[in-house]
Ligand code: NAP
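Only one chain is given next, in structure tokens, and it is the form predicted alone.
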């Protein structure tokens, strides 16, 4: 298949590279054109505009940073919305609001285009290793058609049915739970530190006994060492996701008080110019609230 791929950040670039390695032909576009250089060296074709990446009856993948960027790529000048027609598929892999997914699905359906939501769990290293978990929802025939692409980018694809909204709701729920784990680990380590227990010792005990999951192990090591650069997932994007969670919750009258706490934690970090750090840097606020100076 000849595929379009739009959005070549740290995640998108790794995912596109895996598609090339799997034998798919790619037309790629990114706002910063130089980010396509490595993919062009692997055989991809660089195009000038998002619409140029889209075949009228083909598949185009988007992996952009937020809802506004996705709307621009679809509805903006030289966007894919006017290019895609009957039989085409827009495979959206970004983390966006459920309402945005609903809006885009309706807009594409009016043109006879299928919209499939397929956000992922995993950071850039997991994307590079083809170890992503993919959440897929959209029309059944379209889900079947994109399945080989998703399998080339991830270790498992979760089928969430016909409504694209479901994939984005589960993705946001997962990101909320990850940030909740970051906060919990930071608080536990800080309590231990105040009683003279080294942070790395606390995380060693907890992750080798009652919390052995890779998420606790990997994030725990970062938090224990206060190692927040380079960012694998920027704190500013984490705040964007918590804003989306709360907006989605308000839409259906679901109270989420823990999300409000996490949003406040990230907002405070952003006010301290930490938006470009990894989102585990939320742990700095926990240490500072306890009167510690984690970065000297």
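Note that this is a predicted model, so its numbers are computed, not measured. Residue numbers count along the first chain shown, from 1.
Same protein, other form: the form predicted together with this ligand, not shown, and the subject of what follows.
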Only hit among 44, 59, 266, 63 for heavy atom within 4.5 Å of this ligand in the predicted complex is 63
For this ligand in the predicted complex, the stretch among 78-86, 136-144, 92-100, 202-210 with residues bearing a heavy atom within 4.5 Å is 92-100
Considering non-hydrogen atoms and a 4.5 Å limit, does this ligand approach residue 4 in the predicted complex? no
4.5 Å heavy atom contact, residue 258 to this ligand in the predicted complex: no
Legend entry - Distance check, residue 122 to this ligand in the predicted complex, heavy atom within 4.5 Å: yes
- Query: Does the 4.5 Å heavy atom contact test between residue 10 and this ligand in the predicted complex come out positive?
  - Reply: yes
Taking this ligand in the predicted complex and a 4.5 Å non-hydrogen atom cutoff, the residues of 22-36 making contact are 29, 30, 31, 32, 35
